[in-house]
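The chain below stands alone and is given as structure tokens, in the form predicted alone.
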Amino acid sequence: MPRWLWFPAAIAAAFIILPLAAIVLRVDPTSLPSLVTSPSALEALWLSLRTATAGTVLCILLGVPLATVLARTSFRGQGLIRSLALLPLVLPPVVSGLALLYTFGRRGLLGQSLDLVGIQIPFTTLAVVIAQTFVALPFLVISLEGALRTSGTRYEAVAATLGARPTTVFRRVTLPLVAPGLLSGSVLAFARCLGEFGATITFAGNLPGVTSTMPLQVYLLRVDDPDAAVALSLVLVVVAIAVIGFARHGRAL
């Protein structure tokens, strides 16, 4: 490796590390326990964990079939479907929130029909889960599709020749083969759900105890109580670091 690469690499590392270090240095250790255990903070944390878990489960239920279809089949328009499935990765979160609002809102594409039967999704906890799932689903799909393509189809073909049904092959052969990729994608999806802000505040609003997750709580506190905002931010940073470490461990399995 050329030695000159160390210089831009160091700048890149500092560009990421310094802002995180600034958060750590800004926190007052003596007030940290009281700030992160306040009723509003615990309420937002509990809501975030519940919705992120539900969003991750939805990502698995929807993402595993989608990734399998994209990796194991070939059909006309497959490239377009893959591009659309990964689109939330590059869409501004506020745009994602507007898209969901115009889909599930009272005058939205599906919202009008749902409203007729008394189902209203926007500005509810369910809206938070949907927003988180929408932005996190591509993380699981791209991770699992890569694992499926890397694993190949040799063992699945052998199982099929031995008389195993497609569902049995998928359950007993395919999923165990790609378990590390599925675990890694699920962890990344959980982290994305936990940190979601823009789509959530646009589609679900900011109602304490209902839709006010940790990122929204940080946004509200940044002016009125900067110390509390920094303390909650540090909690999210610690969780993110733990998630990244877990994902790396999952890939190494």
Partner chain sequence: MTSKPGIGAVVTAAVLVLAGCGSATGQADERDLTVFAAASLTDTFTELAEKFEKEHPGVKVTTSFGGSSDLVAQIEDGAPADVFASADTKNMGKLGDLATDPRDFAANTLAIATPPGNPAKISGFQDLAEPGAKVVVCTIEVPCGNAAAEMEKRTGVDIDPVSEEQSVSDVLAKVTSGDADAGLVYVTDVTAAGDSVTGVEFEESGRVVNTYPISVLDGADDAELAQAFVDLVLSETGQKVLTDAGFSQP
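Computed from a predicted model, the values in this text were never measured in an experiment. Numbering follows the first chain given and starts at 1.
Separately, the form predicted together with its partner chain exists; it is not shown, and the next lines address it.
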{"property": "Check all three, Thr202, Leu207 and Asp224, heavy atom within 4.5 Å of its partner chain in the predicted complex", "result": "yes"}
{"property": "4.5 Å heavy atom contact, Gly105 and its partner chain in the predicted complex", "result": "yes"}
{"property": "Contact test in the predicted complex: Gln120 vs its partner chain, heavy atoms, 4.5 Å", "result": "yes"}
{"property": "Contact test in the predicted complex: Leu220 vs its partner chain, heavy atoms, 4.5 Å", "result": "yes"}
{"property": "Leu101: touches its partner chain in the predicted complex, heavy atom cutoff 4.5 angstroms", "result": "yes"}
{"property": "Stretch in contact, per heavy atom within 4.5 angstroms of its partner chain in the predicted complex, of 207-215, 61-69, 37-45, 184-192", "result": "207-215"}
